[in-house]
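Following this are structure 1 and structure 2, which are two forms of one protein chain, each written alone as structure tokens.
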Structure 1
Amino acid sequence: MSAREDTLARIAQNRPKGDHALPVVPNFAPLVGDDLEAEFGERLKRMGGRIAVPVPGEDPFAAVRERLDGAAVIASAVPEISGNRDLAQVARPQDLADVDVAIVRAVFGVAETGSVLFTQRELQVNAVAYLAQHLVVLLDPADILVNIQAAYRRADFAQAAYAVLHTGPSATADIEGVLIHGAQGVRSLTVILCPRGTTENATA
């Protein structure tokens, strides 16, 4: 038995008997306006992220095309664009340490915080959202929720084996308040507002 299995078995053994319902998530008054797309974009920018709205008929990845063209290793978890690192063939998470750009689709976004949610299904390899130098996120504007409470009520959030909310790129600040992006994770996070199933496959 592994240490993980032993720990989980001990937790299960010592779990209080009976059914214990989770607390009811309250309905808080929204802290954002009705234009969820604009509110999401504003909060994402505050957290160091970028947002791009493709022009119909033009390259949907124009905002990150220069970065894609200059990348040696691209890991794509979306059908809209191809990469050269097949996530299905990754044996160990650390094998993604050399990824320059990762492209994933968010389950949804949260207007109140500028966050995007991924589960193990979208990431394919969970570590890709942390080991890549730059993260490009596709988000359907119709999937932007008003706040975190609305996110908690989503079945795809509650039922996921792994779920993580990302709010901008990695960031840290020292005691003097100097903010540095990319210290412990992705150096940049760009969200492209891209409805599901509307872009054709593009070669990176």
Structure 2
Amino acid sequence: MSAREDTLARIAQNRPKGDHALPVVPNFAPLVGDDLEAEFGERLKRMGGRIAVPVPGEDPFAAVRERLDGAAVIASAVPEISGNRDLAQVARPQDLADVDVAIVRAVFGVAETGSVLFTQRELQVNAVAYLAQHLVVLLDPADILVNIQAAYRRADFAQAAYAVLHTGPSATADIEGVLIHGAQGVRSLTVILCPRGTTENATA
């Protein structure tokens, strides 16, 4: 018998008897207050991320302007700002190794945890969110969901080839518990609260 048939047969024979119905998961009350923007920002900060709320009418990228000015290679996946590395032209993920700053838009945010979701559509090249030194994320405040339960009710997870929740930057505390940002992935993650389709194209 093949491993497959063998395993399936043994499970059929050994599985615990009885009904063991799948429980219905109730809709739990949110852990966060009504001000989702504030709750999201506070939780993101606790997870090592940064939050920026642009002043209306002023440069939406003010919070990361210095970082952008100092960057040699910027990869933008958003219309709000243009970089100098066109993600559509990237043949291999490895070609993004020299990216200093990547800018992407989140599908949604989660207030309970300070997380943002990306799929392959927002990232264009998935690896850019890990190979870049710094990640800048645009998030429409209207796209902030209240909790993780609400997030997993979204269709994105079943549809996307790749979907990922980022909560702050890459981190480790594997050596004596000392917290280090930028273990293997991005060294920083900044979320800019910025409604979709309202910002004029700026140049990096």
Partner chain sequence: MTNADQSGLREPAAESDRGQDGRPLQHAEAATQPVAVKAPREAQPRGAKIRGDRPIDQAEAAERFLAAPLHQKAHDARLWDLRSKRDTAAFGIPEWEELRELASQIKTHTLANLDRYLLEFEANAKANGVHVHWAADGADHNRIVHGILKDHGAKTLIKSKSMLTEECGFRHYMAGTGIEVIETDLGERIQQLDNEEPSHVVVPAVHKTRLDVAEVFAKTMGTDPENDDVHYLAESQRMHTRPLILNADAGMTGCNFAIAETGTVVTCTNEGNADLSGNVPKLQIHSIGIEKLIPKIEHLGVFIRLLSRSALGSPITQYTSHFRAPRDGTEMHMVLVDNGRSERLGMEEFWTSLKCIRCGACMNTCPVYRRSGGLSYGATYSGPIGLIIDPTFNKRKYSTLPFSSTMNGSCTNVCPVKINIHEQIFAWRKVLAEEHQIPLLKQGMMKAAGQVLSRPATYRAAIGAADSALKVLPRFAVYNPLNTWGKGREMPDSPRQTFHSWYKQNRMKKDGAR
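By rigid core we mean the largest C-alpha set that fits within 1.5 Å across both forms. Structure 1's sequence is the ruler for residue numbers, which start at 1. Just so it is clear, the model here is predicted, and its values are computed rather than measured.
One chain, two forms displayed separately, with the form predicted together with the partner chain being the second of them, structure 2. Core-superposed comparison between structure 1 and structure 2: the C-alpha position of D156 differs by no less than 2 Å. A C-alpha shift of 19.7 Å is found for G18 between structure 1 and structure 2, based on superposition of the rigid core.
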